[in-house]
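Coming up is one lone chain in structure tokens, specifically the form predicted alone.
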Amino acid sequence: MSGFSEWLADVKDVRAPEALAVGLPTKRVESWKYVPIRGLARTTWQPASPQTTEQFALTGGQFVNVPKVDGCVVSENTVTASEQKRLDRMSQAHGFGLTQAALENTRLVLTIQKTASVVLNLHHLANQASSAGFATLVLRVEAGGQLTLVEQFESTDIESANLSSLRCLVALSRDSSVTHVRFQAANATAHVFSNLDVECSENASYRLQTIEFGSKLARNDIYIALVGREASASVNGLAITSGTQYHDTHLAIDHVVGETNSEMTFRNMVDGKGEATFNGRVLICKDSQRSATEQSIANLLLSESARVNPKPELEIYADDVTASHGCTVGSLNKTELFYLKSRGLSEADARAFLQYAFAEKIVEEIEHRDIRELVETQLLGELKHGELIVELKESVDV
């Protein structure tokens, strides 16, 4: 039994019986072995109700106020056979994937037309206590199209567990590009689930910048397939985990054909009794010659109770490739602490400044200025030494 059993029993979706039979993933499922599912299992989840807003938003499992923008067309809610295959792959990955599919409330299909340049700002509004919303977004970017997608999460306090789930398909046609910025600062009792499936055709470019501050539990499943020559993907991520939070990112990039490029840079900073998991896998297939990939994962533990579960993977079946990878787990550098203290900083101030420097390497890469400033403000607030750090930035090389 799971917290979704009663809800699943009431819906008519053909996948509901299978979701009921399989249940939530247990620790026997490798990709979920660290996920604390107690809150999911013990909450009796109910369908969330949409809130009133004037923004383009995901609320109660529904998209509201879909913008009318030149170059962006709302398509029928039907998906192609290829898109359905990708959605089915999400569903069959584990029991929660089946639950996501069975309880899907709405589906939005948007097409970015040829050579159009479109900016979309999607706001995730908090659902009510003990309620959940499930939705799917399909984005089709035609040849030469450019899309900037910015996701922001409402931080309104909710007294008990609440859940939001979004499955997102992105298809990039030839010579198109997508910049995807995701700033997750949801409320402290939120359970946030994101499934992202991206397919890049010839000379297409996808860039994801994801920042995790909020929620009780956050799970991101990201799959990127480079299926056309000269396609590229870049993923930069930062997760700030504290208290009893759990942040989990599973990222996979497949070089399906040759002459493709990928880069992943991710940093976890964990304090208190927080726990973070990062699984980053890059696959370079047999015929994917002259491909290149870079992988860098850094993890900073700030307390004796903090935990991190990094698992970098690099599978190469071609012989003409360029690849580099690195993964570190550690605490603050004692030599750097000593240096800052010799400049007159207290122990607490020096530690805060080094934490800032660790995170800032990702923050400074955010191209969207407003989001970068929001993240910077949030980061300085988390470190509780914001004013001092701002002063020090002028005199110390971060």
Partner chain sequence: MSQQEIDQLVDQDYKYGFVTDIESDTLPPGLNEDVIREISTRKGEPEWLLEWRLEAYAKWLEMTPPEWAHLDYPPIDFQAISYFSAPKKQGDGPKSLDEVDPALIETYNKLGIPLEEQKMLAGVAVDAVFDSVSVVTTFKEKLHEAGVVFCPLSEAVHSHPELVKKFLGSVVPQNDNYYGALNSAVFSDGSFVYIPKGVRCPMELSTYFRINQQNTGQFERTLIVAEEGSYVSYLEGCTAPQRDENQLHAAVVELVAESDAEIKYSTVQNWFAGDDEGKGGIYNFVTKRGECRGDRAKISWTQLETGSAITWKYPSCVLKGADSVGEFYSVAVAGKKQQADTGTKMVHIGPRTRSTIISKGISTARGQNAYRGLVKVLPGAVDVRNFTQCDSLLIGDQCGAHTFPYVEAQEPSAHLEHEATTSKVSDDQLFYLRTRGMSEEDALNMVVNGFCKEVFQKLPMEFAVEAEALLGITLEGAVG
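Residue numbers count along the first chain shown, from 1. Just so it is clear, the structure is predicted and the values come from calculations on it, not from any experiment.
Omitted from view is the form predicted in complex with the partner chain, to which the following refers.
**Student:** Name the stretch: of 256-264, 131-139, 309-317, 234-242, exactly one has residues whose heavy atoms fall within 4.5 Å of the partner chain in the predicted bound form.
**Tutor:** The contacting stretch is 309-317.
**Student:** Answer for S324 alone: is it within 4.5 Å of the partner chain in the predicted bound form, judged on heavy atom distances?
**Tutor:** S324 belongs to the contact set for the partner chain.
**Student:** With a cut-off of 4.5 Å between heavy atoms, is S303 one of the residues that contacts the partner chain in the predicted bound form?
**Tutor:** Although the partner chain is absent here, S303 would touch it in the predicted bound form, with heavy atoms inside 4.5 Å.
**Student:** Taking any heavy atom pair closer than or equal to 4.5 Å as contact, tell me whether D70 reaches the partner chain in the predicted bound form.
**Tutor:** D70 lies outside the contact set for the partner chain.
**Student:** Does the partner chain come within 4.5 Å of any heavy atom of V29 in the predicted bound form?
**Tutor:** V29 lies outside the contact set for the partner chain.
**Student:** Between N65, S331, Q51, T44, only one gets a heavy atom within 4.5 angstroms of the partner chain in the predicted bound form; which residue is that?
**Tutor:** If I apply the 4.5 Å criterion carefully, the residue I get is S331.
**Student:** Select from the listed residues Q289, T80, Q113, N77 the one whose heavy atoms reach within 4.5 Å of the partner chain in the predicted bound form.
**Tutor:** None of the others qualify; the residue that does is Q289.
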